[in-house]
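Below you will find one chain, with nothing else, as structure tokens; this is the form predicted on its own, and questions on how it binds or moves follow later.
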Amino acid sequence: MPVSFSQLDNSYDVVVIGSGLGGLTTANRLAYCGHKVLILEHHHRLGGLSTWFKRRGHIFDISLHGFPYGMVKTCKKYWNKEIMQSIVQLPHIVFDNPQFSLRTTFDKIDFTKLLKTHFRISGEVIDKFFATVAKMNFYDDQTMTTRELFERFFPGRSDVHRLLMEPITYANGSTLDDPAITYGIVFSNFMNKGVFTFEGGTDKLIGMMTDELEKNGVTICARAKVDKVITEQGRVRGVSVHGKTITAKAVVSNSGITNTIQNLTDRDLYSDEFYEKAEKIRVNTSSCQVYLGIRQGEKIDDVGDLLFTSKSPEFDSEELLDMKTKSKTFSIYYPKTRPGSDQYTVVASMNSRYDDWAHLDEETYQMEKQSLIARSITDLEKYLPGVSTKIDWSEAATPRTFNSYTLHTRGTSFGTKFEGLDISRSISKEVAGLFHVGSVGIIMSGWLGAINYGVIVANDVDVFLKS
């Protein structure tokens, strides 16, 4: 369990600011390598956006509960076998919109069959498309957009574009006009074997990760907001938190790259060239979520695990961001999702702009949240008739909510656009001992991306500490 602030030592090898999955993984790997590590988390719960909350007997997971099969290998290698064994497939992914309605296991075999039989695409084109996206990597040409990629293989087929793009947009906020590699790499990961989740919920996952961290000797302190990264002659010396200085040889910020540069450190640490590039980083979009708890003793039918629903005529990135969007994803949590529980919950997720919510007065803000809840319940009724009579708890989160709980710039749910990756990777060259881990460049977003990036950064820090 996290220790109280008064119990902290005055010095550590590494201080990790923030406890998202990237920060937790970096801390775990460094402790495993023998370094003395401290995690400081400003919130009372660990996990960043991979967390949960409780209301009237319900446990609600934050964010969509889906990630690629790659999590199995990653968790086994960099966490432990027990965490890996709790990863299970979500077999029923539903699409329902004016262009098509279908159910899929969301893997390459089933997608190929659907593209052939439902969308009448030739096998040769399908094979070439999959081969093209499978070969995409970080060093590819970034000028081709996802829109251009789709038009190359499926010209004029907005229905196919929607099938291929909609889940990835909900997963990481990407649009048709983002670089094609940011789509291709994520899509290829999901197309491996389908969509998976953590059986038992995020609370179980973070609990198991906490146990592993403590077993490896990591000190964890919650409700400890870092005010500043302390430097001396261009090198990290520690952090300032609650008026106390904690010294460290290295600091890893899991607080968002823009927040790290603009708020946790001083401008004069950086070269003009680096800072000018950092100022051009575009923060990705945020999200809204509606949490619905089903009354104890009530049941709902199995209508699918993830439902990508929309009333919009075609896929439209701008429409998905509208405050009153007609598009949303329902994550349905059955008792099988949390073994030992007979509770059902539903989470509706929508992509959103921070600016649409940030400046509303309190009365309007609360009214819009209630409207968001009402629209979500109405849309859910199509798939679960009568569900509104079974709901005993409803609550909404907006970009303002995520900004408050995570401190992410503009409440971003997906980190930064692609240019954030280079800044994140090179910040240690500007300030010796300062590293960043988090959602950058879209590719590094999501549970799998965050954990893998945590491993990469841990290796960098380990080399630095041993040099």
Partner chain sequence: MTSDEIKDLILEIIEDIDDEADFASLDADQPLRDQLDLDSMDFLDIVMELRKRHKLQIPEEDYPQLASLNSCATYLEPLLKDA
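Remember, it's a predicted structure, so these values are computed and weren't measured experimentally. Numbering follows the first chain given and starts at 1.
One more form of this protein, predicted in complex with the partner chain, exists but is not displayed; see below.
- Only one segment in the set 90-98, 69-77, 282-290, 339-347 has residues whose heavy atoms sit within 4.5 Å of the partner chain in the predicted bound form; it is 69-77.
- This chain lacks the partner; the member of His436, Arg29, His65, Lys417 within 4.5 angstroms of the partner chain in the predicted bound form by a non-hydrogen atom is Arg29.
- Taking a 4.5 Å heavy atom cutoff to the partner chain in the predicted bound form, the contact residue among Leu407, Cys33, Val431, Ile59 is Cys33.
- Residue contact with the partner chain in the predicted bound form: Asn459 places a heavy atom within 4.5 Å of it.
- In the predicted bound form, the partner chain stays beyond 4.5 Å of every heavy atom belonging to Ser6.
- In the predicted bound form, at least one heavy atom of Lys81 sits within 4.5 Å of a heavy atom of the partner chain.
- The partner chain in the predicted bound form is approached by Val463, whose closest heavy atom lies within 4.5 angstroms of it.
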